[in-house]
Ligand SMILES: O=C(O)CCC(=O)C(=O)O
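One chain follows as structure tokens, the form predicted on its own.
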Amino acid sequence: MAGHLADSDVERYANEGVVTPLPALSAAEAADLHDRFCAFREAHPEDASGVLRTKPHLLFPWLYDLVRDPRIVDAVESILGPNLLVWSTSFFAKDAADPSFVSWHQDSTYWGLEPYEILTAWVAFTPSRPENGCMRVVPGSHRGGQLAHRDTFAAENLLSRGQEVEVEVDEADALDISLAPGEMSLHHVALVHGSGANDSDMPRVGFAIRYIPTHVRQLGARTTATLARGTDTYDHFEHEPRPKSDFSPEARAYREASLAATKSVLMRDAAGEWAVS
């Protein structure tokens, strides 16, 4: 199938922990999704920040369908295999001239998943470039294993705990993940990555989808996940239903219960507000 990765891309992912850029959607599809994102933010300004940061695919059918889109899942299957779950989703958005940033960190630090066969597909809804705060990664850093982190809870840090690695990152080693609307990158859960502020006059909106093979399990709790492809013979997670309509009361109630089941895992030994990062 056309969406599956070439062997060279699979090898690059193994060696560098990232493969980019990859086609996912057309520019027109990305623009439509961005319009939907903006429309919800404008209609629900009091809810948007929290809703769009954590598992929004449980609230919007168009996002639930996106995480199961063959053009994305084919590429993920090339790395993780045919039986796949979506553990979480998040928007990472920076408005024009937005000082928000993401500190250097590894996703694996607080997620409580085992083993570390976890991949993030980062789908660009808008251009993502150095000037508007694109993601930056340190290729190969995933091969160094889990690094120590400290929590900062910095106000402008987009991560839930403001977590950052307790090692010095040489900026010269970093790779900018520049993406056009509709393109995506794939990165390993232990890859050191971050992003700077948006110093431009254009927004940067990306949708992060966290995929796991069905044999991966959540430590400390039974939580929920969306079956993206294949079959699940392990039953480590409760399967999440597709929402019937945008932001419906039923979908909101289900999402709240899902987040409650996960909160104790992600925020153990920490104080502060919780969100998947």
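Just so we're clear, the structure is a prediction, and the values are computed from it rather than from any experiment. All residue numbers refer to positions in the sequence shown, first residue = 1.
What comes next is about the form predicted together with the ligand, which is not displayed.
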item: Close approach of residue 88 to the ligand in the predicted complex, 4.5 Å, heavy atom; value: no
item: Contact of residue 71 with the ligand in the predicted complex (heavy atom, 4.5 Å); value: no
item: Non-hydrogen atom contact residue 187 with the ligand in the predicted complex at 4.5 angstroms; value: yes
item: is_contact(residue 105, the ligand) in the predicted complex, heavy atom dist at most 4.5 Å; value: yes
item: The ligand in the predicted complex: contacted by all of 193, 204 and 208, heavy atom 4.5 Å; value: yes
item: Options 79-87, 138-146, 174-182, 120-128; stretch whose heavy atom lies within 4.5 Å of the ligand in the predicted complex; value: 120-128
item: Residues of 63-102 having any heavy atom within 4.5 Å of the ligand in the predicted complex, listed in sequence order; value: 92, 94, 102
